[in-house]
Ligand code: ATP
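Here's a solo chain for you in structure tokens, the form predicted alone.
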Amino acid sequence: MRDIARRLEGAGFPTFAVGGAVRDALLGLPAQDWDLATRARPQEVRRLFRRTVPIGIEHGTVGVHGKDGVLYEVTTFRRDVETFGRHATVEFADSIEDDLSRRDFTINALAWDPATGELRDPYGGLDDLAAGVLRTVGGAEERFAEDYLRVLRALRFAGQFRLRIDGDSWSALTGATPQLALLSAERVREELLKVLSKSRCASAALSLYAASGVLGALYPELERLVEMAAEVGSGSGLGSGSGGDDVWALTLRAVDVIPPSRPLLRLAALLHATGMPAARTRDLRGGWRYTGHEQAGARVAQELLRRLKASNAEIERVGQLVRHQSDLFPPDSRSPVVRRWMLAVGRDLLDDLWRLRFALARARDPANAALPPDLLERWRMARFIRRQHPPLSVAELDIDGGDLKELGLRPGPRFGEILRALLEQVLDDPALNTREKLLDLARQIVDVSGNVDVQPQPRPRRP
């Protein structure tokens, strides 16, 4: 990055590092994604550097490969001419101050000169960082109206960096929440994923989502959890014995237990209880039960993710985690029962399902770092069996349809029936999963049915 700045400066173009990397460096955090702003126009940047990529020349941005092999975005200074939501009209400018005036918050309106070490801070962002305050650049209402995504960015920054949103900015922010429906689903989804992936304590930003009205505007499924404020019943994924905690507080704790490196799993924890309002019923003692909320929650979670235009794979995985969150084999189960549980859940879901269960258990009892002994014992049992790599699908059997044809069977639906019957026996005893034993079992299955000739067919002679 410094070598790019030096070359631009040497050619007479003032150049500064701008954006979140400057802010993070001042906070003592690892700074990534360094962006540069310069007085040079795009064609001048491309003339100075041999290896460039036209990332967004119409907006003044050129990608330049640094000596470290990283692609850095170099953008010409810009200033707003007219703003209207996301479609602002801008033109190139000659000063860094013009460029910084376009920024959303004072903590992001910082520029650092890599050549001299000079820090430009025209809006007091450094003081706001020291005071723990998030403030807009200029008038708050105007700033949010320029791009309503800034409402979500404000909540994310305030939560991530533990900042207090100043009074004027908060008033303008809450007043702008009804306009969030104008944002594209993709931008809303990406902001939520950033909340989940950029901070260990995602609950700070999510709590601000609730306090500001953002949940009501964008995520009514989660807003209903805030409104429910009921004790967790014995039929829930969090279990009983949670005192007076409401399910929203428990959900936030579960999200925080999971590391930010697993945003999709955090998303499943965030949505795991969304079926509880619909499933809530009174028990005989007058308390609440939530029997069957997992199935309802899976449908709600998948509908929410479709609305956010998540990928099919993300929708399916989160839905499956929510659906299976409470599924577990009984204590002291024998190995075949555990293997059938693994088959029902799916091999690729097992690790995340255990992580989700552990997070929910810790959220239920935050004062106790130890997991419930019965849960740990079952996890150890499942891990022991999994390490034996038992076959858990027809595809993992040591025979297939071709082998059945060699028995003289005709291809058809019966093949699937036979293979599934073989899998059932292998789940009871994985040692049966050899070609010879499975063929013997297949002959027995067909003989019992009494309607198929199982005599081996002669193989055609080679010419």
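Because the structure is predicted, anything quoted here is derived from the model rather than measured. Throughout, we count residues from 1 along the sequence that is shown.
Below, we turn to the form predicted together with adenosine-5'-triphosphate, even though it does not appear here.
With the partner omitted from this view, the residue of Gln325, Asn108, Ser199, Ser212 that lies near adenosine-5'-triphosphate in the model of the complex is Asn108 [heavy atom within 4.5 Å]. Proximity to adenosine-5'-triphosphate in the model of the complex, taken as a non-hydrogen atom within 4.5 angstroms, holds for one residue of Phe157, Trp112, Phe329, Trp248, which is Phe157. Contact check for Arg103: a heavy atom falls within 4.5 Å of adenosine-5'-triphosphate in the model of the complex.
Within 4.5 Å of some heavy atom of adenosine-5'-triphosphate in the model of the complex lies at least one heavy atom of Asp147. Contact annotation for Gly20: at least one heavy atom lies within 4.5 Å of adenosine-5'-triphosphate in the model of the complex. Though the partner is left out of this view, Arg120 does not reach within 4.5 Å of adenosine-5'-triphosphate in the model of the complex, counting heavy atoms only. Considering adenosine-5'-triphosphate in the model of the complex, the lone stretch of 123-131, 359-367, 345-353, 149-157 in range is 149-157 [heavy atom distance within 4.5 Å].
Along 413-440, not one residue places a heavy atom within 4.5 Å of adenosine-5'-triphosphate in the model of the complex.
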